[in-house]
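Only one chain is included here, represented as structure tokens and corresponding to the form predicted alone.
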Amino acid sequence: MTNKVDYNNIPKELFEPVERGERITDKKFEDKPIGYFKDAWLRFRRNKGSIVAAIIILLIVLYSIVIPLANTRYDETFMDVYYAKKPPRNFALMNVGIANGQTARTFEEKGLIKFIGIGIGAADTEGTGGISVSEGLGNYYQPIRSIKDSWEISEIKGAKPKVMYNASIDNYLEVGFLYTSLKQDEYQKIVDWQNETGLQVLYPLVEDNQWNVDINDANYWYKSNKGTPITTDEWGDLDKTLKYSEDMVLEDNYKRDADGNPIYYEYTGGGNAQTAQYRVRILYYNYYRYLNGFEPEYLLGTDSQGYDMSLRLAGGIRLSLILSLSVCAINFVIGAIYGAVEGYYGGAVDLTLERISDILSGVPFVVVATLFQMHLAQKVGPIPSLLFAFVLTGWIGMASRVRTQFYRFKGQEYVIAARTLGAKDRRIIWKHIFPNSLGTIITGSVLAIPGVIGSESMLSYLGIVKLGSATTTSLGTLLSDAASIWTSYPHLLLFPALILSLLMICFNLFGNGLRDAFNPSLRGVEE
């Protein structure tokens, strides 16, 4: 049984006299008042998903700012067409087996020999020959890094089977040799640089004869017959099919003078030492080092045009964030004013403004963006015209949210009291009603950011907006460039798709967290 309290016989000693106006509090129930934004922050930080999303967004923003500042070798306009579509390559990360610039590839026998021939030709700086395949495989400039296994296939019944090889190839070294034209003074500078560094750039020219299967491909420096390499031992038997072996020695097909010395340049025109043009054959890897002072190294590889992918991603992120924040800020201002006037005054004002909103909302955004890009972009540029397209109808959703909030709060007692005390409409709108709607409006603005990013990426992916210049790009443009070749170069699609996905998901999670944090009905509620 529970003891019942006899309230009629409570001892007087339990009571203490107090003065009039003195505040009586019980420390057990005493609490400090919490401000609106502090209360919102307390609720927001309990949402772990939103916190993680905010951290990821912050890291992406820092990446877009720090990478261009930290990359001292390249700027956003640096492009090398010969190193386009190359995978990530970083000398520090090579030691742990990643970002080594290599890919796995399958070769026919003659294709394997051609790429091995790049390393052999690079090792033969004097054009004297006699370098075997095994020696060439150990050369620094050898693109074939390893040969894993081989097997035979028969394409036609009864025909001689083909031998196929699985190998790992360095995509930066596979460029090999190139033909180019140099002025005489530039040729001499390269010769001096070679003597100073010990790195060979200039290599002997190749004869244009029946043993050269492609006069435009400088990597065919050896004698071959219909694409089949020929060795010294088999020179008399041109129909014999060559078998790959490590002791094979390719016979060179270099141009030579009357004394048998290899020729390194040909005069092609010009009147003096400064303007004379020489046709030369260069090892492009070392020529790149001569031009830039370092070996090619790209943390995230290169894009389809030869730009540094890490810098292109940083530029695409900045464009998406700046555009989306600008659009949301402008739409916030226009929508807040428009919706406040609608919701506060109502009646004929609301009816008229709503009909205007209905007309504008019926205009398809893609049509507006396309028309602006066709006509306005020629005058102001693609980005400002895209901004105008977003703003033309983008504020309607914000105005609708503000209008709803004003209808909700304008009949509250504190608004009626303010009007009774003589407050003007402008003060009631911005001092009494609008602050109570701020949480919903901020949340709506944040949730609109991923929509803008997605729309911009979609337009640039479809080619409606052209953002593929040397100084400007977008994530959608990078995805569009990779659309038809991503199976061969997966990094072109992987990195921009990953960044775009993270931005879309994280901004949605972040916006949902703000929505719950600023929800007045949850004020003071413990989860």
Partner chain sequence: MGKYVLKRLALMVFTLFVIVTICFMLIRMLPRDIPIDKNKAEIVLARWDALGYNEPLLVQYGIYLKNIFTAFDFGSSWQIQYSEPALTVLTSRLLPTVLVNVYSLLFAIPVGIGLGIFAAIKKNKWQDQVISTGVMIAVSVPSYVYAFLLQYFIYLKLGWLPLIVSSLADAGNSWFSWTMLRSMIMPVLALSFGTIAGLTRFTRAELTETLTSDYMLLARTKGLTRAQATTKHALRNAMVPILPMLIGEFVGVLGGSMIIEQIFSIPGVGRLYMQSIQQLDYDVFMMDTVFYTFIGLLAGILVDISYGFIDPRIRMGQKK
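Residue numbers count along the first chain shown, from 1. Owing to the predicted nature of the structure, the values given are computational and were not obtained by experimental measurement.
As for the form predicted together with the partner chain, it is not shown, yet the points below apply to it.
Inset, instruction - Determine whether any heavy atom of Asp358 comes within 4.5 Å of a heavy atom of the partner chain in the predicted complex, and answer yes or no. - result: Although the partner chain is absent here, Asp358 would touch it in the predicted complex, with heavy atoms inside 4.5 Å.
Inset, instruction - Consider Leu462 of the chain shown here, and say whether it contacts the partner chain in the predicted complex, taking contact as heavy atoms within 4.5 Å. - result: Contact check for Leu462: yes, within 4.5 Å of the partner chain in the predicted complex.
Inset, instruction - Decide whether Phe44 counts as a contact residue for the partner chain in the predicted complex under a heavy atom distance cut-off of 4.5 Å. - result: Flag for Phe44 set to no.
Inset, instruction - Would you check, heavy atoms only and a 4.5 Å threshold, whether Leu509 touches the partner chain in the predicted complex? - result: Leu509 belongs to the contact set for the partner chain.
Inset, instruction - Please state whether all three residues Phe177, Gln194 and Leu199 have a non-hydrogen atom within 4.5 angstroms of the partner chain in the predicted complex. - result: Heavy-atom distance to the partner chain in the predicted complex: none of the three under 4.5 Å.
Inset, instruction - Mind telling me which stretch in 121-129, 374-382, 74-82, 108-116 gets its heavy atoms within 4.5 Å of the partner chain in the predicted complex? - result: Answer to the contact question: 374-382.
Legend entry - Answer option from Pro161, Pro435, Gly362, Gly269, heavy atom within 4.5 Å of the partner chain in the predicted complex: Checked against the cut-off, the match is Gly362.
Inset, instruction - Only one of Gly454, Gly397, Gly346, Gly306 comes within 4.5 Å of the partner chain in the predicted complex by heavy atoms, so just point that one out. - result: Looking at the other structure, the residue within range turns out to be Gly454.
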